[in-house]
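For this one, two forms of the same chain are given in structure tokens, first as structure 1 and then as structure 2.
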Structure 1
């Protein structure tokens, strides 16, 4: 295995292939950077070109792009409070407040460094799990997957902010929005109001953008003034990198969370940033997450790049895509004459290993490229709101339209956006809504399959019981901590 890894290294370092990788990296950073354009757009853009390419070259292009999308998408999240793609929403929670304090460079320095480390860890994880991938993936049965979605949902409770009840209602609202469209158990359309658009449900990029970007646009206009309240931007990339190094265990923990969640098929990696954020909030001492804590940037950014390495395992070995991006990657594989499956570990092992190397290199180069771009791009946060908003709006409208190329996207964008705006001014937490939305379909699917396949027996599955205990500890721990902090606020206020 090590020999073939070295062999693959030379394949990847071939100059003609390196050019394609850099091309992929550039496209990935641009696509990540523009809000609304996500990996799916980048992939469909390149799909026509990969037909007939040599697999190593095509993979260098595609993986180069996938690897750095979650590096590039940090820019809008930190600078404007708008998620660059749906994978970097949690970065907003602390990245944007930092930006308001004028510390955008520091936040981005930390974010890019963590993205790089996370991505490299993801690549290594992909390499290390290759021998065990098969038994590991086939060890998850539907009841266990159901409990994992429940675990993800209980994260919503952690992110609820001051009022748990508001958080739960927000999460339930997300679940309800996620229930729109076709039911998993039966081909029946729900809450579609007889429109064909809604039969496939509301698309995640539109919801993620609407719920975060729409409110920010309005607030920027009503508040006037620029994002950064400080007239001068502090340069702080190095400071950010040092922050990340000081929190190396957090980086590592979050990256492992990212890999694991990416690895589990069917869970959908879209909530990985929130889960890492919630876990960070839970485990970091004396934190002030949500108010501009650099560690609130470190946790999700380490996780979202690491996820890609993890999610390639089920994609390449089982043909199970974890996201829209990897779904198209599968199509790309076929066009290059490969087929996802066990052969990726035997006959086509060198391709798989070249993917590992590309993942590692692309993450390093992508992060370096982004660090170079920090200085020019972060000037955006000094531009007054009313001058930047109209341009953003155009970008968002064009971006929202790309998810299914239908007017429905724009209508949903406005409706969910208005909902998001009202929630913002009334202090309703929005992250639970998103988590609920993403996990609605897996939750329903695995619940239904568990009941249909095992009856009520599945509740006695030992892993299910363990997961249930973890959830209970998480939830009660959360309320106890909240009560504590409430006491603290009350007594501290006097």
Structure 2
């Protein structure tokens, strides 16, 4: 294991791969600091460009971006009082009051340092999990793998927040779109409407970009004007770092909370920051959370980056996407010829370990980059949305067309994009649709293999029964935790 880790380190340090990692870091910071964008939008924009790339290069780009999105989202949260992404909501509680006091740089210094430490702890957690998960997952056969896909699909209801039924319907819609084209078990085509283009199915990059990025384009055009005026910046980054060091136990506790929440599919960034914030408020003495306490910035920022390392465990090792971002990451693995699950711990172990190293390096370099560019980069968060649209639109059109080099991609992109916009207006969750689409073919394939090999006896398999119980526990436990975090958010931490 150690030899493989050292080998993966040299692979990651290859100059050509480092360039892609730094490119991903820059994109991740920009996606995080622009209010309205998110990890799902950033991933959907990048997905077409990893097609055909070497796995090490493609993962350097994607993981480099994922690792620092929750570092870049600190800028609008502290400077403007609006969350850059869903994972930076709790940072506003004390970050924005500090900014209004003229201590924005101090708050960002603490936030960036804690994001770096949390991200490194998340990477270490991912590495330490591999030896324990390896013997378990490599023993899985088709019935267990089918139940794992069911576990991933069950996240549709959990990702829907207060509307599990909407999430389930959205997931079923994703399954239907994923069923377009040739069937994996029988020689026939489905839902092609005698169209040659649809015989190969709908392209994953097209669906990902349409369902997430297309609605954002329309929203940016309708919501014109700058978000807010520029907050006053003073020196104090080093002071913020020292604040974090003085509260090292809070940093570590919050990072561990982030890793544990990341392990649970379906919770993700919209929950972890509030749970860490609440835990910090209950454990820190003499606090004045919500009124400009630097510890109110340290707790959520330590947790949201650590969560990424935890969330990669079910995604890479079990093929269970816990969010829209990780669902797109699963699609990225497929485009590069990889498959989440047993192979990531055997034949593709070096790729998995390179992801660990990339996660650690990206968090370190991303935090240092943000510290260096506090003044100039904070101005980008004030660019009016309509001025960003032309750039994003070019990326979307090129990305959609290059998927199969067919005009059908652009037509499907517009149709599914309009569906995504309607879902946004009606407040229907979109991540479950993508999860259903990504897992449609694997679920059907493993189901038919299980039936052909074992008949219906596989239902009595002990591991299958255990996984079914896990699905029930995660759904009920996750719903309770989401309700807690929602109540905590509504009460403002009281």
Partner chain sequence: MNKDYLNLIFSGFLFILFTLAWIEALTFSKLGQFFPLYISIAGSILTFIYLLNQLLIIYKQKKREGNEIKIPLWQPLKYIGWILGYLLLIYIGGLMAATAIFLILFLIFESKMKFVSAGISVICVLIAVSLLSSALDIYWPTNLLGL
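Numbering follows the first chain given and starts at 1. All values derive from a computational prediction rather than experimental measurement. We call the rigid core whatever largest set of C-alpha positions still superposes within 1.5 Å between the two forms.
- Of the two forms shown, the form predicted together with its partner chain is structure 1.
- With the core held fixed, residue 197 shows a CA shift of 2 Å or greater between structure 1 and structure 2.
- After superposition on the rigid core, the Cα of residue 448 moves by 2 Å or more between structure 1 and structure 2.
- For residue 64, a C-alpha deviation below 2 angstroms is recorded between structure 1 and structure 2 after rigid-core alignment.
- Per-residue C-alpha deviation between structure 1 and structure 2, core superposed: residue 463, 18.6 Å.
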